[in-house]
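Coming up is one lone chain in structure tokens, specifically the form predicted alone.
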Amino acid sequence: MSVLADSLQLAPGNPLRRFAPVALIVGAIALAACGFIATTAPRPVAQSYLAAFLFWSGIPIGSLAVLMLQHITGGAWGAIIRRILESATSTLPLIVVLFLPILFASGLLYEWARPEVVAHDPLLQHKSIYLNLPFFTVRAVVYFAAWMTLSYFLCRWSREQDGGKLRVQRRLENTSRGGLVAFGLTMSFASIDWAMSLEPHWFSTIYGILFIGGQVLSSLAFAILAAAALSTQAEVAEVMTPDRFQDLGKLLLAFVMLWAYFSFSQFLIIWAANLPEETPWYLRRLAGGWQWTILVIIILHFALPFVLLLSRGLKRNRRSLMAVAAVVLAMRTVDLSWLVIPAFDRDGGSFVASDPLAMIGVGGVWFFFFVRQLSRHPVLPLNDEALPELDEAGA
């Protein structure tokens, strides 16, 4: 390995590396606590775990979409976070393992997975051709296989580019073009399976796009936080300049607006149609205390980040941009809870101990494996024309 590559390894004193073991220990303890609570109250724990899984799996899955977008468009904005995105997508095998409890607890989560409920519901009987556990499992295998295949080749060819094989750039671009189409299809169906089918009498034609938009926003906010932590290393700080953080801030602003557009579009379509099979979904989420949650989401998930990210100076300031990204990422957990938890007829104030425990547990374990992946290779890509400072040939 070259001297340049050695200097770009994740330093032992980097905040990410220092925090990873602590995250693993705390995460393991939180998951153990969830397991203990599940012995007496399995259903609330399953609900909490599903919300946590949907949030944390959204970061590596969304990172795959951002990674492919970067290969197609190019630019330094994506090059400085490429290793972060690749490390996140490389945790997909862990996401598969984390998905297994959802399969085992499907009867606690999904109405269509309970034969006694389906037997008395003509609509669920009609949908049982698609909504049944064996087919649900097969589809999940297809989704994960597609995402992991894309991740494997994109990461492998990127490493080859580090070694001087510059011709792989064409492969990365072409694979990403087709991969984005495959990603859009698979993630749309996955969002229907894992989240929308919690309320099988309801449907939305824009739900998949809304879910994907949220995942991309989560992954980008996380990438900004990770990039800010990496920039504490001197060698990395020379590349992660204020101009490049400004580019990331612009992209974060764009996806905040895109998420808001998708969210409002779904609401507007359902409100305008006013169909009895569609409106109960929103009525359930605009009452029982959830109306205050949506108010917090509107203010902190959209209005505040939107106003702050209009500032050029804020986007160029690493710490300020980091704070906005942290707020956005935190609000993604609130938004997903608002999407999922009301499906179980829980009021807005009826949060249980397993809600934060599951979120911390899954997140702690995932973060440890993310940092482990990030530690295996240089934290910035070499021989990328968007980063002339790291031209291996000139090093």
Partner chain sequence: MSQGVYGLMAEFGDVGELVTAARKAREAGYVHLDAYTPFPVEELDEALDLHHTRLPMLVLIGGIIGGLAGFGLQYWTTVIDYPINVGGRPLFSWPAFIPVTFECTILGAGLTAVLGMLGLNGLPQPYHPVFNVPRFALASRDRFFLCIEARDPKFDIDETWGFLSRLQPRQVSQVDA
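Numbering follows the first chain given and starts at 1. Every value quoted in this text rests on a predicted model; they were computed, and no experiment measured them.
Below, we turn to the form predicted together with the partner chain, even though it does not appear here.
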property: The partner chain contact in the predicted complex: residue 273, any heavy atom under 4.5 Å; result: yes
property: The partner chain contact at residue 312 in the predicted complex, heavy atom, 4.5 Å; result: yes
property: Interface membership of residue 292, the partner chain in the predicted complex, 4.5 Å heavy atom rule; result: no
property: 4.5 angstroms heavy atom contact with the partner chain in the predicted complex for residue 267; result: yes
property: Answer range among 233 to 241, 259 to 267, 198 to 206, 107 to 115 for contact with the partner chain, defined in the predicted complex as heavy atoms within 4.5 Å; result: 259 to 267
